[in-house]
Each structure stands twice: as structure tokens, then as C-alpha cells.
Ligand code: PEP
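The data below hold one chain only, encoded as C-alpha cells and taken in the form predicted on its own.
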Amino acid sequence: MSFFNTDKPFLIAGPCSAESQEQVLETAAGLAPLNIHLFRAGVWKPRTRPGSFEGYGAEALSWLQEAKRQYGIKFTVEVAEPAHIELALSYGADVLWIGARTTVNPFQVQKLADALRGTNVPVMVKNPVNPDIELWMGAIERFEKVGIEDVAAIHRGFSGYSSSVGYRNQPNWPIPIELKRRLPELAIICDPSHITGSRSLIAEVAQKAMDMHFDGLMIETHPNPDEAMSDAKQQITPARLGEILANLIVRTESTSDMSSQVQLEYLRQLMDAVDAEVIDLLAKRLEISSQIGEVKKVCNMTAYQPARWREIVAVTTDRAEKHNLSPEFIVGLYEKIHHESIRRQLTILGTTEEEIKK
């Protein structure tokens, strides 16, 4: 049986970074009663900016080793170099995980896979920072091809120009759902801490992951989150983790309707993604309209120009028919969009909406 195939959810918890032996042991003591499967802690931290806290390396591994000895909790660390793998395994690491910044680089992933050839250590692969399912699958396959039998995926969200719903990283749920469709035996673990970037949203995302039949959760915990040396805002106390787990509803899978439930959620998430894209495109269109308004002001032109509106109607109607869309629906939609464009341009021109009637 796979290391990750346990009763749901497979639980991973621990601090973003191992900061001291006291902090590691205090966190482990708080987590021990919760019966988590893996204790996590960053030992080597790939920071965005130089000069940030980058972890204590081998020294921190000794703290995790001691926590394992005292509390019997297996532990996992992130590795980014073959040398990290050698050190982590020498200190008794039970599972290794590949970070998002590493997953994005196939050359580096292959180096790590080659370093693990001939071992049987389980590996977890976080999604790449960009929303690319092929890149994520490719990283997973590289470890499978060197003989690693226990591989799991970690969904930690995707970087973007702007976050959705106040999240640190965009969940983009259709991607992990599609990964599960392609690789139904693959365990997928959700990382609400990195998706949300906010402890107040962790419970909500953890429940959503369970509703979509994810196999586990990775949640950052710290005895004093506000004093954490990295990612303080997204960490919670072991006590708070206990509360979240106590209220978590784990859905039972039904063979008869599982596929239809997943498919429905997948389609809904795709629709949500398209809706977000539509809104982003409308915002971009109105931004361009405002720029046109500035040009019209310089040129002393009216906001509403009938010839231009007739051109828009003709072009959009033609495109609608090619896509089997009702021309009446498209024209009605564009009337609202056009009206908002004119309203914005009138504001720039310093006139009123009476201009529309001219």
C-alpha cells in the first residue's frame, strides 16, 4: 500500500521554517495529540529576495530528528539540491518534498530524481509556480521513472499578477482536478496555507479541498505564529489546527456518483475561471476606452460616434454567428458595454450623459 493511501485526510503540519530546537519541539508536542502523519518544516528556504531568512540547514535537521525521537512523528523537508537529499536522509527524513520553484525547472528535477535512484523514499511534488499541468506531471513522472513508487502531488496554488478572493496564490482548481482525472491513483494534498496566505481563510480552503475529494492537507503550524521568521500571516497554532480538523467534514466517496461529482465541480471551476477572465478582459477593454477618451479630449471629438458603433455591431454580430451565439444576445451585451465606455469617456470630456442623446 502506498505511503499516502491512508484514511482521509492525510495530514501534514508543522512550521514554515525550523527556527530553533525549542520551537520545533514545542510545535511537535502540540501536534502529537492530533495524530498527524508527517511533521513538516523548512530547513533550506528558497527566498525571493537575498538577505531573507534562508533556514538553518543541517543544524535544523538535528532538531527534526530529535522531535521524531521524542514524539514518534515522521518528518518531511523540502529539498532543492542533490546535497540536500543526502543530508536529509542521513538525519532520518521519512519523506522529501519538491518545492514550486524547483518543479518549474525540469533540469533540476531530473538531478534530484537521479539522486534518489535506488532509494524507496516517498516524494511529494508541489505544483510549479505557473499554472502548467504538463510541467507538474512531467516532474512527477521523472521520479516515477527512477523507481520512486510513492509519489504524491501538493497543490499550493499558482502565482499571478493579481490574486483572487484575497488569496496569496490563485487556486486554479481545474488544474489539480484535471491532474486527478489523468492520474486517478495519485494522492493529491492541498496546501491551504500557501494558497490563502492568511490564517483566517485556511479552514475554508481546507474544507473545499475535502469537498473535491483531495487526499490530504498540508497546513503550516507554529506555537507563536505572529513571531514566525517566515510567512507569519499564514501559520496557525496547533490548537487552532485541532479546531479546524474537528470541524472538517470529510466526504465519503461513492463509486456510483464520484465521477459525476468530480466532473460537475471541474466544470464549475472552469466556468469560474472563464468568468474571472471575462471580467479581467472587460476591465482591460474599459481601460483602453478611457485612453481613447483622453485622445478624443485632445482632438475635441464627441464621445459617441454612430459610425463606430455600427462597426462594432457588424463585427460582433458576425463573430457571434460563427460561434453559434444569438446575435441579439451579443448586441444586447455590447450595448451595455458600449454604454459604460461612453459614460467613462463623457466623464473624461467633462460633459454629462446628455451627450449620448446627440
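Fair warning: this is a prediction, and the values are worked out from it, not measured in the lab. Counting begins at 1, following the sequence as shown.
Missing here is the form predicted in complex with phosphoenolpyruvate; even so, the following discussion is about that form.
Of the candidates Gly332, Pro46, Pro33, Gly57, Pro46 is the one whose heavy atoms come within 4.5 Å of phosphoenolpyruvate in the predicted bound form; the others do not. Only one of Lys208, Arg240, His84, Arg101 comes within 4.5 Å of phosphoenolpyruvate in the predicted bound form through a heavy atom, and that residue is Arg101. Heavy atoms of Cys16 reach within 4.5 Å of phosphoenolpyruvate in the predicted bound form, making it an interface residue. Among heavy atoms of Arg156, some come within 4.5 Å of phosphoenolpyruvate in the predicted bound form. Interface residue remark: Trp97 is counted as part of the site for phosphoenolpyruvate in the predicted bound form, having a heavy atom within 4.5 Å.
Taking the partner from the other structure, phosphoenolpyruvate in the predicted bound form has no heavy atom within 4.5 Å of any heavy atom of Arg142. Judged by heavy atoms within 4.5 Å of phosphoenolpyruvate in the predicted bound form, the contact stretch among the candidates 285-293, 63-71, 38-46, 317-325 is 38-46. Residue Glu78 is the sole member of 57-96 found to place a heavy atom within 4.5 Å of phosphoenolpyruvate in the predicted bound form.
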